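Below you'll find only one chain, the form predicted alone, shown as structure tokens.
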Amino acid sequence: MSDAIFSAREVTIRFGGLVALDRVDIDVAAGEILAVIGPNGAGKSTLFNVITGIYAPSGGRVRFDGEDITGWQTHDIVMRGISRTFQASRLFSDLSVLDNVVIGLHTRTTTNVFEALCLPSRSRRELTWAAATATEILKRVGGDLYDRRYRRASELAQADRRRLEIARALAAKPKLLLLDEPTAGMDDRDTDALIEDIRRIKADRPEFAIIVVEHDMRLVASLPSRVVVLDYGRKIADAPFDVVRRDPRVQEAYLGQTEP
């Protein structure tokens, strides 16, 4: 894909004798939403961990925004413009909703400990900017986050905890956002609401790309322009959802059988 903002080529991950990703190729264009689906153990979260530098690939290359980022450290990848959420919540539960988003702004602030002590007026200005920016992000993300911005994150319902993780990831102003099972633990009503939230977030920044790992087929059918299917670490399909759902290999991977 010539206009790809992100590409993975022949990406392989081995853990001893286990091959978690087997020569996976993926492209994502600027402005695109790509879904990555597959049964448990297919390698979906492993792929995210490679993209964000948690794992260094055993083979293959990863490029982002025209630069080879293979083997980069996670912090450098975030600084370059990739943010993510996690399948399991990683919020700072004892901090406020607002403070969780402010923490996500660390890549866009410059005040260090010395400057905070010696240049308090500069530190205050930056903190004021961070709080105002975080507040605007909470307004855009939706749910009850803005109204509950001074509450502890631990007090949020599951759906708003997921939204807060997305808000914190957006604080870094990414060019590529990775969402790892954003609807996990949600009921149908909350899932539908989150789908609309993601649409609104995307409409605000049409140029940025999203890769979403998800099991809920309503989200997969509603949002992405393409769907990549992994099974036992291998890519077995890469096409629009209506094509993928009729693929016999995909049906077998999910259901253990093909439709007649």
Partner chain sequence: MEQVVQQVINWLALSSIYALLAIGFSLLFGVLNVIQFSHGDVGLTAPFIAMAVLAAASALFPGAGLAIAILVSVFAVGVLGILLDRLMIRRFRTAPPMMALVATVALGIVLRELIRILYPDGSNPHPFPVLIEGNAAVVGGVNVSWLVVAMMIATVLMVAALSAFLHHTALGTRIRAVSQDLEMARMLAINPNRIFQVTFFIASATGAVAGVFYASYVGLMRFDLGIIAGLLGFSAAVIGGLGNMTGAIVGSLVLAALDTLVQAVFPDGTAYRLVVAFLMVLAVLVFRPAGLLGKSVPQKV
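For clarity, every value in this text was computed on a predicted model and none was experimentally measured. Numbering follows the first chain given and starts at 1.
The same protein also exists as the form predicted in complex with the partner chain; that form is not shown, yet it is the one meant from here on.
*Asks:* Looking at the partner-bound form in the model of the complex, is Arg84 within 4.5 Å of the partner chain by any heavy atom?
*Replies:* Yes.
*Asks:* I'd like to know whether Leu95 contacts the partner chain in the model of the complex, with contact meaning heavy atoms within 4.5 angstroms.
*Replies:* Result yes; Leu95 sits at the interface with the partner chain in the model of the complex.
*Asks:* Can you tell me if Pro182 lies within 4.5 angstroms of the partner chain in the model of the complex, counting non-hydrogen atoms only?
*Replies:* Contact check for Pro182: no, nothing within 4.5 Å of the partner chain in the model of the complex.
*Asks:* Are any of the heavy atoms in Lys139 no more than 4.5 Å from a heavy atom of the partner chain in the model of the complex?
*Replies:* Output for Lys139 is no: heavy atoms all beyond 4.5 Å of the partner chain.
*Asks:* Would you kindly say which of Lys173, Arg90, Arg125, Arg151 lies with a heavy atom within 4.5 Å of the partner chain in the model of the complex?
*Replies:* Going through each option in turn, the one that passes is Arg90.
*Asks:* Of the residues Ser45, Ser222, Thr70, Thr52, which one places a heavy atom within 4.5 Å of the partner chain in the model of the complex?
*Replies:* By the 4.5 Å criterion, the partner-contacting residue is Thr52.
*Asks:* Please pick out the stretch from 131 to 139, 73 to 81, 182 to 190, 155 to 163 that is in contact with the partner chain in the model of the complex, where contact means heavy atoms within 4.5 Å.
*Replies:* Of the stretches listed, the one contacting the partner is 73 to 81.
*Asks:* Just give me the residues of 172 to 186, first to last, that have a heavy atom within 4.5 Å of the partner chain in the model of the complex.
*Replies:* Contacts from 172 to 186: none.
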